[in-house]
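Single chain ahead, by itself, as structure tokens, in the form predicted on its own.
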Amino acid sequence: MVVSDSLSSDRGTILRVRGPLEFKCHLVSTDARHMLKVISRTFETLKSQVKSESCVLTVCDSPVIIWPNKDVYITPQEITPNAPCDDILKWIQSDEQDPAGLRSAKKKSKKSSAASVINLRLMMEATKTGPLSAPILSRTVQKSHFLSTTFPVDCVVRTTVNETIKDAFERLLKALTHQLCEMEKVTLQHTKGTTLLVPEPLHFLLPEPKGLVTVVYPAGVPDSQLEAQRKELHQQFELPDDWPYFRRANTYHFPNEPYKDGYLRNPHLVLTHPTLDNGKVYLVQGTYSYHHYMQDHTDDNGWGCAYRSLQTICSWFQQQGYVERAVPSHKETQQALVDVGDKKASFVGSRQWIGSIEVQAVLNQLLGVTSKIMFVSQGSELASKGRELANHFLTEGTPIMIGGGVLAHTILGVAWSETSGQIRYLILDPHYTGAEDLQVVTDKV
């Protein structure tokens, strides 16, 4: 498990190449030393393939094909190796395009603002130019073992301003070769008998100036068994130990890549901050899912807002890697309250409200998370808690549930002026009943 060079996260376009590499090796013996030699030799073959003229990179959703080891030969030939790498973006197809697949400048501007990632597919040419030789068949009878699997390559580099296609793809090929070296180390370290663990490249976005880094883990090995390696990474990057940066739940989510579960993530990021005299903005840290009425085929309109606020909080702990437990359903929440003795068995499956006390109990029961309840006698009194709320978002960074019953909401941040005491709240409303449409959700602000 080793990390690639870090990539600053605030500039340039990301080149991301993915693709399967077939790993096949023939073992005449299961002797451990022999196996390791054969595995290393097979990795050398894979590296040679990546460096060969047969290596092809296709730009997803475009007609662009690049042979990086043929002096960066590109089709269509209107694209030259010395052109800026960002020129590839205008060839990426959108809903509206001309017959040649080239988007207009206007469309390019709209697309480029969001498409900061150029996705590439790694392929190998199966045929070569020149005369074909006659096939030769040979048959050998012997007892042996055959290892076969597919390695998921996933390599990224970030381009610099005005970097040429030629220079960027040369760096990409070097990074890809480096990743294969790291995959080899992980494979050799975790091979047991004739069982081969697949190396899994994962990307993590660290605080600036460290940026985006890649770590190769053995697939199938849980995070709990990789604690020693993760501690080494924290020391290497001088990271605090109270935030699990290198758990799989913290894997970087690339722009325009949909989440499989369908929930919106961090919808507040598209909003503009309010302005206060001498005021500062304090926001939730990390990623959360937006949970609201009518999701998950559950009609909880009118009674489930505190359950939904709890789900948003639970999603934060899950997606930061603090817990592996799935976000609890309403029934699981109700059962947890029965298990701690707060409710009777008849509560499970009911449409009864819950409040802050119940949310605190469920967080402790299901996640092992302790929490604090801040009591205010009326809404206006909350304004006096600006310093306490600001400090919470600075030090803890979790969403906050406020209220209960049919009046529960989730606080995601505050804009607070220490001098004037003015305060504005960033509220995530669990009472929303519409579809997972970011535009609709944010237009309601």
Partner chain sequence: MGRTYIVEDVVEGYLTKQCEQTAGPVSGLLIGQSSTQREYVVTATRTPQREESTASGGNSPDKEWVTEHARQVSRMLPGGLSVLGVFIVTDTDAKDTLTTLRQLVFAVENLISSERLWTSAEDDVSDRVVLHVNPKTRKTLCRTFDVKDPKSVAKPADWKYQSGVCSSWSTVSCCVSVDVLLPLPDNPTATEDTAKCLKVSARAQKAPQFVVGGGVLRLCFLQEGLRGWAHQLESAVCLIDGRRLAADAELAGGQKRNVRQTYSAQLLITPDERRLAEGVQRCGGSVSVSGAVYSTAYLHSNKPKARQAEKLLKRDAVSTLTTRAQMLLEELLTSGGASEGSSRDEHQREQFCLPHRVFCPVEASGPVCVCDYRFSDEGLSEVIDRLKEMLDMDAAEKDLDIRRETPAEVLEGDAADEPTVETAEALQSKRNYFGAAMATTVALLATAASMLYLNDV
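What we label the rigid core is the largest C-alpha set whose atoms superpose within 1.5 Å from one form to the other. Please read all numbers here as calculations on a predicted model, not as lab measurements. Positions refer to the first chain, counted from 1.
Absent from the display: the form predicted in complex with the partner chain. The rest refers to it.
Of the candidate stretches 369-377, 302-310, 73-81, 223-231, only 73-81 has residues whose heavy atoms lie within 4.5 Å of the partner chain in the predicted bound form. For the residues 350, 235, 298, 150, the 4.5 Å heavy atom test against the partner chain in the predicted bound form is passed only by 150.
When the partner chain is considered in the predicted bound form, only one residue from 257, 125, 324, 332 comes within 4.5 Å through any heavy atom, namely 125. For residue 20, a non-hydrogen atom is located within 4.5 Å of the partner chain in the predicted bound form, even though that partner is not displayed. At least one heavy atom of residue 58 is located within 4.5 Å of the partner chain in the predicted bound form. The shortest heavy atom separation between residue 138 and the partner chain in the predicted bound form is within 4.5 Å.
Though the partner is left out of this view, residue 387 does not reach within 4.5 Å of the partner chain in the predicted bound form, counting heavy atoms only. Once both forms are overlaid on the rigid core, the distance between the two CA positions of residue 140 between the shown form and the other one is 2 angstroms or more.
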